[in-house]
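In structure tokens, one chain follows: the form predicted on its own.
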């Protein structure tokens, strides 16, 4: 028996029923809400419950001093002195903002994700936090869903790679180190498939999608020993996931043998009443704990009803003990029983936050997250000192929007703007600026709906005149960061306000326009993409956004990002994603041009505007001589896939080499292609390198509708290239022996 198990067994043996229930209660400690306002604000009651050992953790208690004070209430006054967990939404930074998670996924670089999470953990832990409600690893195909910005995009393999990297970044190799924090994989599960892209909405998907698309990133997080999971607001198979025994007990705790604890989302236990799944709060408490939800965030269901349910024999106490054990294990692993105040160091708080080193990490990540979508006639990169550049757009001078949604304790207006970044790199004498359009007006705070400026052309004339007198225009377009995030779903994923109208006016007087597209989701920007010669997708890049954008625009860094989500041609296409099924009447017309009875639109192409995995470079990468070491593989064997990659352009740069497969015939229909591996490779100009992938039996497997990983004999197409739509192909046969 390990020392941890001995300690926890001993502690459990000393705990009363009320103290055990207390460990399952998570209180909100401030009024920076992430959900509905609690009905009562009984601070005195909460304080007394902490002193009595009836609280397991607090969220939104910040600063080293604040967490120390709250921890003292628990440790110094309660009978057993069990320390508190302190949780907070540290999504892509604490004070220093890294790029939003979707942007990090666009780097296709797990080291970027790991470094950004490590940075967030360093700063948050210095401020007393020891638990973050991240990473969000919901796979989503619908950009109408506002929380697309918070996750890894549309693909389960890329999502799995990023999930593991984020977990290991937050937690490090030793969770007891004071510069690491417990991570939380959320939302378990299928929240990203909310119907109509509307937040908190119901989910209705089949088991094939669940096992093959939704669950792989969560399984990767569990294998990385993520400390906690969070369930969600949605239902699945007609059952709210907070009350899903199928997800939380059968899959997570039994099949995956995961040992951490599950926390509810904000009041999601109580919301099972509104779903029509629980009669009242007592029924909700019973169903949630029975299903495997270990900790209650702000429903007060457990503290009000669990002890009575156990005493009356309506709740098995072994389930309660299991939940308590899981929570105590995380506290033990964090080192809180050895030193409850280990994260409460004001000196470290002063020295570890917003440092030059932290900003450098953010800047590097921001550079690697930028995706070059279009570059006709090699308009980019721009020379630094030979042209007069006109910069247009309110987004260009904005110092707040680049921080992104879910920005923790970032200081408002603390980001480097695009305008500042350009001036810093080329000198202010080469830059002219005109606002041109306005995007929002009024209050932009988290709690309020944005008031978008729809038809304001008052700044057009100034912008057009400036464009006429400049050699080239850099125009910032996109969306406010508060158009994305939780509760920020939109039916219209095009550009708001008068942005496109202004662009048309600018193009009429100056054809050399570089558009810098800022967003937290994939957007329907066909009109813009077709009109301009150069287009950079820059997302919301964090504290150092402007410097990173400028370094790419002027060629100090050769863009290497690839899209983690497909960009639709029109909002009516969504969801549009690369790993779709073929259907019986395929999405590419197999018949003559006059045939209409196949899966298509009559007013728009099926294909996306920009596909998953797409991204250009200032250099040119050529793929050739794609070979398999054998054209047949048997169970237990593996082969090599090789391809020659050459940087035939004038710039050193990185390319993401992507490996896809297609299983042509299976007992469960398979997608037209599936990402199975990738490598990010740096080549100097003119260099050629042979890239090697291993293809094993596991590469060819998939999950059946019972969740079993199976591999069936048959024919496979193996594909390699720099984008999901531009691939070299070879055939492979698989035999089971």
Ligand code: BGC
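Positions refer to the first chain, counted from 1. Since the model is a prediction, treat every value here as computed from it, not as a measurement.
This protein has a second form, the form predicted together with the ligand, left out of what is shown; the following refers to that one.
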property	result
Residue 193 within 4.5 Å of the ligand in the predicted bound form, heavy atoms	no
4.5 Å heavy atom contact, residue 406 to the ligand in the predicted bound form	yes
4.5 Å heavy atom contact, residue 297 to the ligand in the predicted bound form	yes
Interface membership of residue 655, the ligand in the predicted bound form, 4.5 Å heavy atom rule	no
Listed residue that, although the ligand is not shown, lies within 4.5 Å of it in the predicted bound form (heavy atoms), from 141, 540, 547, 147	147
Answer option from 557, 133, 433, 618, heavy atom within 4.5 Å of the ligand in the predicted bound form	133
Contact at 27, 273 and 303 by the ligand in the predicted bound form, all three, heavy atom at most 4.5 Å	no
One stretch from 179-187, 215-223, 425-433, 108-116 that, in the predicted bound form, holds residues within 4.5 Å of the ligand by heavy atom	179-187
Heavy atom within 4.5 Å of the ligand in the predicted bound form - qualifying residues of 713-737	none
